[in-house]
Ligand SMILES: Cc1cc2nc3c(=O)[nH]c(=O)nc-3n(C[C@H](O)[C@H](O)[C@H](O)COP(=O)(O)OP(=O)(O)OC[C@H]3O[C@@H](n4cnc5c(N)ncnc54)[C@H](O)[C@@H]3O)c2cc1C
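One chain comes next, on its own, written out as structure tokens in the form predicted alone.
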Amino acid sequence: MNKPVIILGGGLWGCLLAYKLKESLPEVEFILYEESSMLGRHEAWTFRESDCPKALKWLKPLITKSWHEHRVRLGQGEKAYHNPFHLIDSRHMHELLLEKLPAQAIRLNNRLRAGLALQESSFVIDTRNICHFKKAGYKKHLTVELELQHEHGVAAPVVFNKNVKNKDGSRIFSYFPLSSRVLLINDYWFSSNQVLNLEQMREALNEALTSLGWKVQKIIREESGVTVVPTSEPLFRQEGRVINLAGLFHDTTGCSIGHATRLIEKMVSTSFRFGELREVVNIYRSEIENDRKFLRYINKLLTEETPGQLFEMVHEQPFLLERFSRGELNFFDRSKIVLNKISSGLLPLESHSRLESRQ
């Protein structure tokens, strides 16, 4: 009797893989291991439709909320983008996978090491993001779902940059209306240090809410963490018959749903045998490496003062924004970013030739 495939990690990658595998290759037996009591660990993921348009059909049952447009604040103005935004809420994803997958295919509250997993499986797919990078800095996030005392009057998601350099770097702030009084807020801070000062972030969040004229009735849930803004390829442990998916995310924004959906679609189009899957993953890593090198180099140039200027420049051009968000910049996109940084004095002229050699 063949042993099952073991998927380690019930985060976004692990859940999407398990869901798509059950849909496309129902004959493949697998077990999804998650060390917490809930798939997705109480997180919520937002993404633009242009990040993964081909995957939208199979992602649809996982999507909790959608908006036909989103708005971006640039300087003193606000600009509408007719690029839909979608939300995947881990609470809904958890319930859906418990319903769709066989009971024996999900093991919660179970931390299994790759070495031990190999003894129980035909091979292991490790979706946990356990890897090491050279660091340009850190991205700290505070995600809060809250209910206001009154209706907020917001119809579509709003994203803008706020300068908090006197506190802890630059900041990308966004809010998403879930109902007439409930908002999901993502607050991302770019910093040179990894200290997660939640009291400081909560204080800044309250200041932002007050400036918008909102009073909080109650906090429904809160999630926070720190991720690396990398300047190098990921280094991760390879052992035996393990396919490691670590480090596959947008190097500047940290979003992973684009890479996750594109690679998973390639994986389930195979016979789902170890050798073929390993080759598919290795080829995918090679194909995206040039784009990732550029983003990592940009990360190296992003001091605490400059993420906001990159934000403004990218968001002024809708098609550049779409390609940047996917991590698929062409030569002209890269040139625009480089010239913008040279003209603003953020990139020395002599760095341009070094950058060209990376394209």
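Every value quoted in this text rests on a predicted model; they were computed, and no experiment measured them. Numbering starts at 1 and follows the sequence shown.
The form predicted together with the named molecule exists for this protein as well; it is not shown, and the discussion that follows is about that form.
Peer 1: Counting only non-hydrogen atoms, which stretch in 197-205, 110-118, 285-293, 212-220 is within 4.5 Å of the named molecule in the predicted complex?
Peer 2: Flagged stretch: 110-118.
Peer 1: Please tell me which of 43, 49, 316, 333 lies within 4.5 Å of the named molecule in the predicted complex, judged by heavy atoms.
Peer 2: Here the answer is residue option 43.
Peer 1: Select from the listed residues 153, 225, 75, 240 the one whose heavy atoms reach within 4.5 Å of the named molecule in the predicted complex.
Peer 2: Contact residue from the list: 225.
Peer 1: Please run the contact check for residue 337 against the named molecule in the predicted complex: heavy atoms, 4.5 angstroms, yes or no?
Peer 2: Contact check for residue 337: no, nothing within 4.5 Å of the named molecule in the predicted complex.
Peer 1: With the partner left out here, check for me: in the predicted complex, does some heavy atom of residue 12 sit within 4.5 Å of the named molecule?
Peer 2: Taking the distances in the predicted complex, the answer for residue 12 is yes, it comes within 4.5 Å of the named molecule.
Peer 1: Residue-level contact is defined here as any heavy atom of the residue lying within 4.5 Å of the named molecule in the predicted complex; does residue 33 satisfy this criterion?
Peer 2: Residue 33: contacts the named molecule in the predicted complex.
Peer 1: With a 4.5 Å heavy atom cut-off, would you call residue 178 a contact of the named molecule in the predicted complex?
Peer 2: No, residue 178 sits far enough from the named molecule in the predicted complex that none of its heavy atoms falls within 4.5 Å.
Peer 1: Suppose contact means any heavy atom within 4.5 Å; which members of 114-146 contact the named molecule in the predicted complex?
Peer 2: Sequence-ordered list: 127, 128, 129, 141, 143.
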